[in-house]
Each structure stands twice: as structure tokens, then as C-alpha cells.
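Quick setup: one chain, the form predicted on its own, written in C-alpha cells, and binding and motion questions come after.
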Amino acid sequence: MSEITLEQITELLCQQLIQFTNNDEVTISSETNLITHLAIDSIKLLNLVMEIEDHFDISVPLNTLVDVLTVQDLANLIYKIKSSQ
């Protein structure tokens, strides 16, 4: 994958997260809370992480997810991992 911006990562995450919700009317933005707004439980989060790892060709250490609350937090983490490669 060529160089990707933080904004592109955030947009891709918002698109991927739509499939994790059971509500087509939900609007996902960078400030959306993964747990309280999208009701993503630990199993869904692990599935999401696996998809993210495949899509971005990265490895996301599970301990780094502790501080991830919003879509932006997750985008920042992915961008940080991608930038360090």
C-alpha cells in the first residue's frame, strides 16, 4: 500500500465500521465512540482488528487498544503503526 494519510485511514475506518453496526441509520464520524455509540464488544473489536491488520498490512498489539475509545483514536493508532514501518 502506498503512503496513506490520517484522513484516509479515518475515512476507511468509518466505512468498515458500518458493517459492524446493525443500524443502517447510524452516522459514523471520527468522534464516534466505538463502545457507547456502536456497541462494539470485545469479539467484534477483535474481528475489526483482524480486518484492519489485513487491510493495512500491519500488526496491532492488543495492549495498544486499551486507550482506543473513538474512531479517531483507532485511526491515530493505525497511522502511528503504518508510519513506523
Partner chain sequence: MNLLEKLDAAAAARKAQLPEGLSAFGIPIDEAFSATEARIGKRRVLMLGTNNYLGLSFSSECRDAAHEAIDQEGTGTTGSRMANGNYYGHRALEQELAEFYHCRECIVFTTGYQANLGTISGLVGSGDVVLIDGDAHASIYDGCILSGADVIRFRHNDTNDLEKRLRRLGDRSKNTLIIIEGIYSMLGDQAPLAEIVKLKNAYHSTLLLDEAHSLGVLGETGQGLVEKTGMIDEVDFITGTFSKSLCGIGGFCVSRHAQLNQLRYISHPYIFTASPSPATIASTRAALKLLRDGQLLRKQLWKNAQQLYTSLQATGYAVGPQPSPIVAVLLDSPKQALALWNGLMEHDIYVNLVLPPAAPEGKSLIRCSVNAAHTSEQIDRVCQVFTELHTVIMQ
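Numbering follows the first chain given and starts at 1. The structure presented is a predicted model; accordingly, all values stated were derived computationally and were not measured.
One more form of this protein exists, namely the form predicted together with its partner chain; it is left out here, but the text below deals with it.
Not displayed here, its partner chain is approached by I58 to within 4.5 Å at the level of heavy atoms in the model of the complex. Not displayed here, its partner chain is approached by N63 to within 4.5 Å at the level of heavy atoms in the model of the complex. Its partner chain in the model of the complex is approached by M50, whose closest heavy atom lies within 4.5 angstroms of it. A residue is said to contact a partner when one of its heavy atoms sits within 4.5 Å of a partner heavy atom; I35 fails this definition for its partner chain in the model of the complex, lying far away.
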